[in-house]
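Only one chain is included here, represented as structure tokens and corresponding to the form predicted alone.
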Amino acid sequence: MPYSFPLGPYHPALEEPFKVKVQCRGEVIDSATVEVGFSFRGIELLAQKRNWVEVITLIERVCGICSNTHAMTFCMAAETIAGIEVPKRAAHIRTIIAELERLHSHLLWAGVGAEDIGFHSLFMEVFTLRELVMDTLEAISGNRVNYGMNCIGGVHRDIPDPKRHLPALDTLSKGLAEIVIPTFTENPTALTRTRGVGRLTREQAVEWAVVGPVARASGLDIDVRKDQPYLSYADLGFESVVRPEGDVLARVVVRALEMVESIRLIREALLSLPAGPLRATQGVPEIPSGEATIRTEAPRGEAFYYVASEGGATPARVKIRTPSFVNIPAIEAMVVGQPLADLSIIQASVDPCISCTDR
């Protein structure tokens, strides 16, 4: 007899409140339904009641892991409406912070994934590397979570001594190459829990419209940094990481190799940091009437912003579509035919962020 089993909305295997209701036959999952909306915050409406500077601070709170991406994307939309060109030094610094944030996000996910499969020692090793990233972000911005780096027209803070941060990148590279990647891809315990588990085919990835590492792990070569370059990505060069298998292991490998590429991008940006101002204008620029849509590649995939202005002190409309909003429903396809015991690692492999989904 089939039976129903609810995972969440509050459960030790879930980082944030969302619910996966599964129908099982024995220990095998027949179907699943994902429910979100347990922590809705109304940020889009609040953005229409704040001035342009206050909105940047608000938008950073959409997500605690990719706060820079949201603030940066909003500023890029405002800059597009106002016709503001960001100085090259500011674009490089934005790129550095964006890739450090990607490292932070992927390492956090890897640590949580290690914990979900009971690999506590690997969790500690991953979070030791994550601390290096957090220390670097703190050294540059003064903050460890919401960095406050972005302003309309550029960035608030400089990186006066770029070479100071190179040793941390070397340590990260060594840790990834010697500990994290080999353990996740060669250890028998990790392989048993990830290989062939939670498969999402290329066709299903298209059908469910997934983005980011989830899409690239299913054979879709899509990445905004490559498809529609912004900031300094065109100057630094960029190689996307794609795997065809579509299982949890493929998502692990994609994120692991993306971290290697992020380290290369950060190093290149630090060593080629151009001279020049940090902001295109002094003070708060006026945003004229107009509208803009901006896409950026957040750690979890494509972030989409629509911003409209009527020439006033506040935005007329701020519409946000986060990557988790489209990735989380695909869990329903991944879990069909899988053992119930693998449900936690499958949902974790999507790297679901309920904070930004319930923005």
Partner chain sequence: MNAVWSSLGSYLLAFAVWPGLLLAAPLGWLELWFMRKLVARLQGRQGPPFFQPFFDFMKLLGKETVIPRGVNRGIFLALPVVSVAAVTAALAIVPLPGNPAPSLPGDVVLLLYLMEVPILCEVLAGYVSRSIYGQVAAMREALLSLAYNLPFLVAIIAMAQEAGSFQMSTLQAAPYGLVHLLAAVTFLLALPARMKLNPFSIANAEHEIVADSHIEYSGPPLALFKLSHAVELVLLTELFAVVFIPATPWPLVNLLVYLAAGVAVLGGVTLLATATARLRLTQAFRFYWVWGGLASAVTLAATLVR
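All of these numbers come straight from a predicted model, not from anything done at the bench. Positions refer to the first chain, counted from 1.
Not on display, but discussed next: the form predicted together with its partner chain.
Undergrad: Only one of 251 to 259, 122 to 130, 266 to 274, 92 to 100 has heavy atoms within 4.5 Å of its partner chain in the predicted bound form; I'd like to know which.
TA: In short, 122 to 130.
Undergrad: Any of the heavy atoms of D351 lying within 4.5 Å of its partner chain in the predicted bound form?
TA: Output for D351 is no: heavy atoms all beyond 4.5 Å of its partner chain.
Undergrad: Quick one: is D30 in contact with its partner chain in the predicted bound form, heavy atoms, 4.5 Å cut-off?
TA: Although its partner chain is absent here, D30 would stay clear of it in the predicted bound form, with no heavy atoms inside 4.5 Å.
Undergrad: Since only the chain is shown here, I'm wondering whether H11 would be in contact with its partner chain in the predicted bound form (any heavy atom pair within 4.5 Å).
TA: H11 belongs to the contact set for its partner chain.
Undergrad: So, in the predicted bound form, is V197 in contact with its partner chain at a 4.5 angstroms heavy atom limit?
TA: Answer yes; at least one heavy atom of V197 falls within 4.5 Å of its partner chain in the predicted bound form.
Undergrad: Pick from D116, D247, E79, D235: which has a non-hydrogen atom within 4.5 Å of its partner chain in the predicted bound form?
TA: If I apply the 4.5 Å criterion carefully, the residue I get is D116.
Undergrad: So which of A190, A280, I159, A168 reaches within 4.5 angstroms of its partner chain in the predicted bound form, heavy atom to heavy atom?
TA: That would be A190.
Undergrad: Determine the residues of 323 to 350 with a heavy atom within 4.5 Å of its partner chain in the predicted bound form and present them in sequence order; the list may be empty.
TA: Contacting residues: P339, L340, A341, D342, S344.
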